[in-house]
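Here you get one chain, nothing else, as structure tokens; it is the form predicted alone.
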């Protein structure tokens, strides 16, 4: 079977054996699994794509790898060939049984049956996953918050991936972009067409590499930064001044304080800046100004509120 795999502006034609739709359907019937549209369940057919994902992650025998959503094990098998050990978290009981059977010859694979948003995450050096699309946001933030990976190579729906690494001033720039970009560096590796999956999803996918952000300014308090971003970017098309006034009203703060906050950020921000145009660096300045008002007692302290669950 010939497969066209896209790397940026390059298209590479590969001739490898992949699972057919009939083979996948047969396996799903055998293990009593019905793909759920609600959960975004589509199964990767292409061994070439799986191989390239693992190669992009530079997996070696020194690595312990976490995979979330093992499916029918095409990606898992490729990881197992290269890694010292791979831990796979799979929610679906039937798929967990399938993985145990299909990967029984690989002694370096541990199957964890459970919800990746709830179960304890094993300590690993890398994360390599075709993430369940229904939990893309929640699981990404959980990984950044609770895991110690040094590199993650992850597949997302194309639209979601575009939002992950959008530039200020573009339509895709959102609170997701900001909250991820504040914590991580994201690079697109390759586009995977919908035809590489069964059932075929409505959109293509993109594989990205994610590493923790080590450079650039940080807010004095991360919780204040994320709280502010969530509060303001509920109104992404408004100006900074208008969004501040609305947010302050919602949290019981005098909206007149918005003007004082704007003045304190002069040189970085103006009140008529559109939220979609404001860089992470300038949002850090804004967050520190808001922290100053919190310390003065003019704004309530979020008290460690979590705002990572964004869309």
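Residue numbers count along the first chain shown, from 1. A quick note: this is a predicted structure, and the numbers were derived from the prediction, not measured.
Another form, the form predicted together with ligand SAM, is not on view; read the next lines as being about it.
Engineer: Is residue 77 close enough to ligand SAM in the predicted complex to count, meaning some heavy atom within 4.5 Å?
Structural biologist: Output for residue 77 is no: heavy atoms all beyond 4.5 Å of ligand SAM.
Engineer: Hey, in the predicted complex, is residue 229 touching ligand SAM, heavy atoms inside 4.5 Å?
Structural biologist: No, no contact at 4.5 Å.
Engineer: Indicate whether residue 216 is a 4.5 Å heavy atom neighbour of ligand SAM in the predicted complex.
Structural biologist: Outside the cut-off, so no.
Engineer: Are any of the heavy atoms in residue 57 no more than 4.5 Å from a heavy atom of ligand SAM in the predicted complex?
Structural biologist: Residue 57: no contact with ligand SAM in the predicted complex.
Engineer: Among 275, 283, 44, 261, which has at least one heavy atom within 4.5 Å of ligand SAM in the predicted complex?
Structural biologist: Only one option qualifies, and that one is 44.
Engineer: Name the single residue among 153, 89, 143, 178 that comes within 4.5 Å of ligand SAM in the predicted complex, judging by heavy atoms.
Structural biologist: Looking at 153, 89, 143, 178 one by one, just 89 meets the 4.5 Å heavy-atom criterion.
Engineer: Choose from 132-140, 184-192, 160-168, 206-214 the stretch whose residues reach within 4.5 Å of ligand SAM in the predicted complex, heavy atoms counted.
Structural biologist: Of the options given, it is 132-140.
Engineer: Taking ligand SAM in the predicted complex, which residues of 97-116 have any heavy atom within 4.5 Å of it?
Structural biologist: Stretch hits, in order: 114, 115, 116.
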